[in-house]
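We begin with a single chain expressed as structure tokens, specifically the form predicted alone.
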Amino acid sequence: MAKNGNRILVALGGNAIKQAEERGTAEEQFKNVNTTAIHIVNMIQHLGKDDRLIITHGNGPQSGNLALQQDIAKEQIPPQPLDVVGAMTQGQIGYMFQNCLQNIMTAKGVKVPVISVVNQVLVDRNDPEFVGENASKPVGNFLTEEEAMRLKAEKGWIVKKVKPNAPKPWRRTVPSPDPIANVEAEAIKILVNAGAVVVASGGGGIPVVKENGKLVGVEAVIDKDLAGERLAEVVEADTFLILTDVEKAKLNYGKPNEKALDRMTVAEAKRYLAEGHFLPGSMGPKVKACIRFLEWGGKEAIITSLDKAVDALEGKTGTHIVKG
């Protein structure tokens, strides 16, 4: 089927579902998702008849909390591995987005179908993320240094400082292998082409490897932005819009000479990445994903905050990454 219109892949950060200072109750998360859904419906209302919107999202706080919850109850109930935890949180968050988007669109008279997909993403068993202390994906709640060191000693967790200026800058990190391909690509394409708003590759997708011709789940959490870029290829997106908790990416983040970026070329983005301006646990994967998207053939990648999404699509704000 020939592609018509403009296709936008929206990658939502964890703040769209759970704020750092929140406990993570269902009520809190529904409130956040509803606020996010209002912005998404606003984007949908700005689309043309042949345009398409595809959504992916993080699940770090949810998967981290669910894994901890299972660890606490392990004497009574067998804990599930991270791939199953990923599937469980995909279902949880997908339900919240479907529910809120459907309710808001019904109230506004917007008739667009919404569906979330339980989605596997292929990774390599030999990825260096599975080796030693290389694990780089933050999951679960933010921690003080004292909390982080205690959990490292008690549970053998790998913990890293991921948000330098935050009151609780530490988080647990788990292997985050590079995504190779989206397993349900064909099904997702059919849904998008049919006009549905599809929520897919949630939390970076359920990590699976191929062993003897079969798909097998592995203990990991794939970065949602890198997996989102693979999803963008699948749906032939024109624009890759990464929504996070800052309006623009910055050079010298957290330092006195911090500088917000309005625009950068792929070459500049690669140079800034190599110079260490974008932290591995936060902005680094976002910029890397944008570079991949543009090198694959996408037209534009944008990094901005959720409340500035429409303005960023109109070129009024955000960090815009272009080919050159």
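Since the model is a prediction, treat every value here as computed from it, not as a measurement. In this text, residue numbers run from 1 along the sequence as written.
One more form of this protein should be noted, the form predicted together with another copy of the chain, which is absent from this view; the next part is about it.
For a residue to qualify, one of its non-hydrogen atoms must sit within 4.5 Å of another copy of the chain in the predicted bound form; none of Asn59, Asn257 and Arg271 qualifies.
Only one of Leu143, Val183, Val159, Leu226 lies close to another copy of the chain in the predicted bound form, with a heavy atom inside 4.5 Å, and it is Val183.
With the partner omitted here, the residue from Ser136, Gln120, Thr239, Thr244 that has a non-hydrogen atom within 4.5 angstroms of another copy of the chain in the predicted bound form is Gln120. Met96 belongs to the set of residues with a heavy atom inside 4.5 Å of another copy of the chain in the predicted bound form. Put simply, Lys214 is close to another copy of the chain in the predicted bound form: some heavy atom of it is within 4.5 Å. Contact check for Leu66: a non-hydrogen atom falls within 4.5 Å of another copy of the chain in the predicted bound form. Among residues of the shown chain, Gln45 is not one whose heavy atoms approach another copy of the chain to within 4.5 Å in the predicted bound form. With the partner left out here, another copy of the chain still marks one of 45 to 53, 27 to 35, 263 to 271, 287 to 295 in the predicted bound form; by a 4.5 Å heavy atom cut-off that stretch is 27 to 35. In the predicted bound form, another copy of the chain lies within 4.5 angstroms of at least one heavy atom of each of the following residues of 55 to 91: Asn65, Leu66, Leu68, Gln69, Gln70, Ile72, Ala73, Lys74, Glu75, Gln76, Ile77, Pro78, Pro79, Gln80, Pro81, Asp83, Val84, Ala87, Met88, Gln90, Gly91, in sequence order. In the predicted bound form, the separation between the C-alpha atoms of Lys74 and Asn141 shrinks by 3 Å or more relative to the displayed form. In summary, the C-alpha positions of Ala249 and Lys168 diverge in the predicted bound form, ending up at least 3 angstroms farther from each other than in this conformation.
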